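A lone chain, given as structure tokens: the form predicted on its own.
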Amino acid sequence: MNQFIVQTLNGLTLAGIMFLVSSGFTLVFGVMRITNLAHGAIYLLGGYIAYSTIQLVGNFFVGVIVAGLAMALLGIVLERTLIKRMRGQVMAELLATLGLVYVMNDLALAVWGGDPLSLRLPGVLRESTTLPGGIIYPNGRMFILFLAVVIGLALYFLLRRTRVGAIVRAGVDNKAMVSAMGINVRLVFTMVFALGALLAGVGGALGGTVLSLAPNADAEILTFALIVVIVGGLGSFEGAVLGSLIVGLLSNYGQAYFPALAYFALFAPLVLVLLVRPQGLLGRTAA
């Protein structure tokens, strides 16, 4: 039972990282209808920037903030230049963002090398706590889970309790109506893309403490994000939460208890959802 609890906590920690990445991904797709294949590369670049910042200033939290802001700025630049010029051209968007993956991977390889890197949490977060039942669990993983919950609540408040959130949700449901009401859809697009990149950058910084930062690690995280948004529902914040929990727990349980069937445990729910509910568990068909 203790091992099951530990694996559940590990799965929830992975779900927290997946949520940070996939929530931005699903918002970008829901509002802009862009499948940004470079989202995983933004995650990886955010982790690398956090690593370099921590090496420079010696503060983990500064590294996380710098990674998030740097990726948000990168998101603004990409949306205002590359993405803007290819709006509505699905294949061009896919090929352009796929090309960005290779460009960003090569740049990361040239700057940070090919050896796996990891981020170390500071102080007490490196230690472990004894939980009820005699379970010893790392403080760092509990911190990541706590921070993911806090960010999730902040996103929920932004999307459900503010005018900006109402505009974003309206853009998911009916983009034409939002534009007809005189709202600056161009600014909304830029804001959403920057928010998605910021979340990916923060996810990379936190994920670097649990998962290694290495060339092509972005492919795995992008695969996870795609599964999350397909299972949960494209454009649905609640779907990103539910999908992250399902993917994080099933992935961890599969690797812990059924190593030979780990990928089956991860992809079987995706196939079932596509067969029974193609729009995702909490997704809706956009107007």
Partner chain sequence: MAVATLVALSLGACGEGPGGGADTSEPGSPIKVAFEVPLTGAFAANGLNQKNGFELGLDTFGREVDGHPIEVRYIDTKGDPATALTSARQIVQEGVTVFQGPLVSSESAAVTPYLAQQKVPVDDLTLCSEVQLDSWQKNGNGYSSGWSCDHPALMAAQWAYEDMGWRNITIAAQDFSFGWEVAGGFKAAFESLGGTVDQAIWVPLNATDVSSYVSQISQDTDAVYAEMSGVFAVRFIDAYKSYGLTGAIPLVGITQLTDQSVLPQLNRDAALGVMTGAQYCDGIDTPENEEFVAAYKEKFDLYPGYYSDAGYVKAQIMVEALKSLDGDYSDPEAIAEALQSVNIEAPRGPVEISDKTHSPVQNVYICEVQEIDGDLRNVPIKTFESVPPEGPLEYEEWEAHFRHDSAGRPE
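Residue numbers count along the first chain shown, from 1. In this text, all values refer to a predicted model and were calculated from it rather than measured experimentally.
One more form of this protein should be noted, the form predicted together with its partner chain, which is absent from this view; the next part is about it.
Undergrad: Would you kindly say which of 73, 151, 117, 131 lies with a heavy atom within 4.5 Å of its partner chain in the predicted complex?
TA: By the 4.5 Å criterion, the partner-contacting residue is 117.
Undergrad: Classify residue 77 as contacting or not contacting its partner chain in the predicted complex by the rule of any non-hydrogen atom within 4.5 angstroms, answering yes or no.
TA: Residue-level check for residue 77: no, no contact with its partner chain.
Undergrad: Does residue 224 reach its partner chain in the predicted complex if we count a contact as any heavy atom within 4.5 Å?
TA: Answer yes; at least one heavy atom of residue 224 falls within 4.5 Å of its partner chain in the predicted complex.
Undergrad: Decide whether residue 124 counts as a contact residue for its partner chain in the predicted complex under a heavy atom distance cut-off of 4.5 Å.
TA: No, residue 124 sits far enough from its partner chain in the predicted complex that none of its heavy atoms falls within 4.5 Å.
Undergrad: Can any non-hydrogen atom of residue 143 be found within 4.5 angstroms of its partner chain in the predicted complex?
TA: Because no heavy atom of residue 143 falls inside 4.5 Å of its partner chain in the predicted complex, the answer is no.
Undergrad: With its partner chain taken in the predicted complex, which residues across 36 to 66 come within 4.5 angstroms through any non-hydrogen atom?
TA: None of them.
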